[in-house]
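What follows is a single chain, given as structure tokens, in the form predicted on its own.
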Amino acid sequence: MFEYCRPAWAVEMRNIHQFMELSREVKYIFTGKRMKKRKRLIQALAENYRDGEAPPCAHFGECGGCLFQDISYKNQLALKEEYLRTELGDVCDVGPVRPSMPYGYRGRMDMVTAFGKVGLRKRGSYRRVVDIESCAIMQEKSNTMFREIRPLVSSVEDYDYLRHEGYLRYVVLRQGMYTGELMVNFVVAMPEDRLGGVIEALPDGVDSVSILVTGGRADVSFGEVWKTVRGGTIGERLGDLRFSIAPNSFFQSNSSIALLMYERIRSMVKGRTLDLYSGVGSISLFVAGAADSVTGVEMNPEGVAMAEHNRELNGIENARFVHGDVLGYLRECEDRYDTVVLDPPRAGMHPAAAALLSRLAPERIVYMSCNPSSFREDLSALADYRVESFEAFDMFPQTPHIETLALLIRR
């Protein structure tokens, strides 16, 4: 694969991104049996709750993006509650799952361009892509834009991710739910603008357009920002705060549920607060008014830069952000904190990080998790803490995924 010279900061950013992506999966390489067990459990539960709901999407059943459109939303919530009781019922009290809007909620969609198609991968097959005309869970403005982009990119060479040949890898659409601002990123395999008139043909309703380059073999939808054509960031509003989002920034995909969860987190923090895996600073800044001070730790340098920008944007003075990995920060940390907020990747915390966090001995830990299994493992490692409260939120309707929030108090 063609490679090109990058400045040192760009190499660092790419390496960090790759490490972040790998860290989400490494645990599962060694726990494949647990993954299969979880998948079988969810499939069995889905059969019990499937009630013949008419799927609104013509691609359902072929596309792998949604699995539950043939289950009424009421039953989806009941299914997820039963799943959580099975996974966590012996370690915490599991109550009803907080609902979301069932459709039109996603703020980010990564449409793969391969084999002459633009869309999502076929259910159960990484090697095949389903041509998508629209997506029922994507926000409507993004859907409208995607319908205009599809014919425009049909003349652009796509990328064969099996042979590692070609040019255009992904079309990524990101939208702020509460601002309506829209970003389109074209992820390409080499630093060349072969998009022709595609970008010029995009309507004024697109606030940010960038070309991102990722030249390796990894199948990822992020990369170095090679060319910013329009804007460069979009904004999202959560409560009274506004956040800027850059092409590679992590931001929750369902802003309405993120707002509910952040409000709950803010009610749990007190004193000096440490926010691990802080991203663009959304949680840190949202809870700053309830804390004496907040320190956010994030390994993605772009995330740290955006967090500092967001801090200045909102005029918040009692927050600061540190560029570094969580494990390294905890090893060297000599400060004392009353509250630690965790929102780790799907694989959960590094086992050594959990031990170091216990040694840090904050009075309370607020743990936001997208994976009940890794949350359970981390809870076992944090044996000095008990679960004071536990809540579940349906961040991703029509899918098996669920977000949970727990307050842990030191024994």
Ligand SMILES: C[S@@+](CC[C@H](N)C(=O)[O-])C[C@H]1O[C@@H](n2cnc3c(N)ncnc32)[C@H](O)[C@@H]1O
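Predicted model, so just to flag it, every value in this text is computed and none were measured. Sequential numbering from 1, following the sequence displayed.
Below, we turn to the form predicted in complex with the named molecule, even though it does not appear here.
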Interface membership of Ile71, the named molecule in the model of the complex, 4.5 Å heavy atom rule
no
Decide whether Ser255 counts as a contact residue for the named molecule in the model of the complex under a heavy atom distance cut-off of 4.5 Å.
no
Is it the case that Glu377, even though its partner is missing from this view, gets within 4.5 Å of the named molecule in the model of the complex, heavy atoms only?
no
Interface membership of Val326, the named molecule in the model of the complex, 4.5 Å heavy atom rule
yes
Which residue, Met261, Val206, Ala136, Met299, has a heavy atom that falls within 4.5 Å of the named molecule in the model of the complex?
Met299
Residue (of Gln76, Ser282, Gln175, Thr113) lying close to the named molecule in the model of the complex, criterion heavy atoms within 4.5 Å
Ser282
Heavy atoms within 4.5 Å of the named molecule in the model of the complex: which of the stretches 359-367, 378-386, 342-350, 53-61 has them?
342-350
